[in-house]
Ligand SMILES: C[S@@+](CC[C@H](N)C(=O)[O-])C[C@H]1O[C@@H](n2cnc3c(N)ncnc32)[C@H](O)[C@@H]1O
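Just the one chain here, the form predicted alone, laid out as structure tokens.
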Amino acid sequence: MDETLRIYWKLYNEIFTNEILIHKSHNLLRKFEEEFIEGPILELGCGQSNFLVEFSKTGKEIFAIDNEEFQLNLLKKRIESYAGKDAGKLHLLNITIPEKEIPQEIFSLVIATDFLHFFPMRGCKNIISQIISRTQKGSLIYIKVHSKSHSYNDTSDTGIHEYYKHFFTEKDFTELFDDKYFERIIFSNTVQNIRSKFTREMQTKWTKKVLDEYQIFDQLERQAIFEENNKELNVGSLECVYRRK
């Protein structure tokens, strides 16, 4: 994790209390909570997961995977403070997928939020094949990714395309989630054109902290960076819930 992202997540942790995290974050899985079968929950690339914090009070065993130990430590503190004695056993796994495989347990729920777009399609297929072998009939799988409608998909910046390996279409989902193994419960294709006031203010605070950290104090330079960072993007997302057959 580079220093600018570390600054962001430290600030995120300060601003987003558990209550704000749950209240502000979208949780499509809440609609299907009564359908969770027995078994642990897994999240890939969990970060400071609103899902795992909220569902930690179910008492289910939780497997949280992230390649940044910094994030896992923050998540551990969140879950312990939120769920307390109601929390199930928590496994914090500092590993990189797919270099290391998903744990061998059979999961009731697998979550991959803003995760698969860091892999080319062949890498995504490898991950989905592992999910198939780690789930059973009735297990739910939640996926959210950047779509082709995202402004980043149209950029000429090669660095962004090296960072985000794939922007998804509904056809890609059909290819990845073979109906031999999965039935689709819900599919959403959205584009957000304007950020909320809360998100814009968060961006401004983060930019200020980064500029201060790197000792950029020239007012014209700071203003130019603030203006660039405050430009609105089309944030295109595909979101889907599947059930294992």
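Every value quoted in this text rests on a predicted model; they were computed, and no experiment measured them. One-based numbering along the sequence shown.
Just so you know, the form predicted in complex with the ligand exists too; it's not on screen, but the next bit is about it.
K.L.:
Thinking of 9, 66 and 71 as one candidate spot, does the ligand come within 4.5 Å of a heavy atom in every one of them in the predicted bound form?
P.N.:
Each of the three qualifies.
K.L.:
If contact means any heavy atom within 4.5 Å, which of 112-120, 133-141, 80-88, 171-179 contacts the ligand in the predicted bound form?
P.N.:
After filtering at 4.5 Å, what remains is 112-120.
K.L.:
Although the ligand is absent from this view, report whether residue 40 comes within 4.5 Å of it in the predicted bound form, heavy atoms only.
P.N.:
Residue 40: no contact with the ligand in the predicted bound form.
K.L.:
Although the ligand is absent from this view, report whether residue 96 comes within 4.5 Å of it in the predicted bound form, heavy atoms only.
P.N.:
Looking in the predicted bound form, residue contacts with the ligand include residue 96, since a heavy atom lies within 4.5 Å.
K.L.:
Find out whether any non-hydrogen atom of residue 62 is located within 4.5 angstroms of the ligand in the predicted bound form, and reply yes or no.
P.N.:
No, residue 62 is distant from the partner.
K.L.:
Indicate whether residue 46 is a 4.5 Å heavy atom neighbour of the ligand in the predicted bound form.
P.N.:
So residue 46 counts as contacting the ligand.
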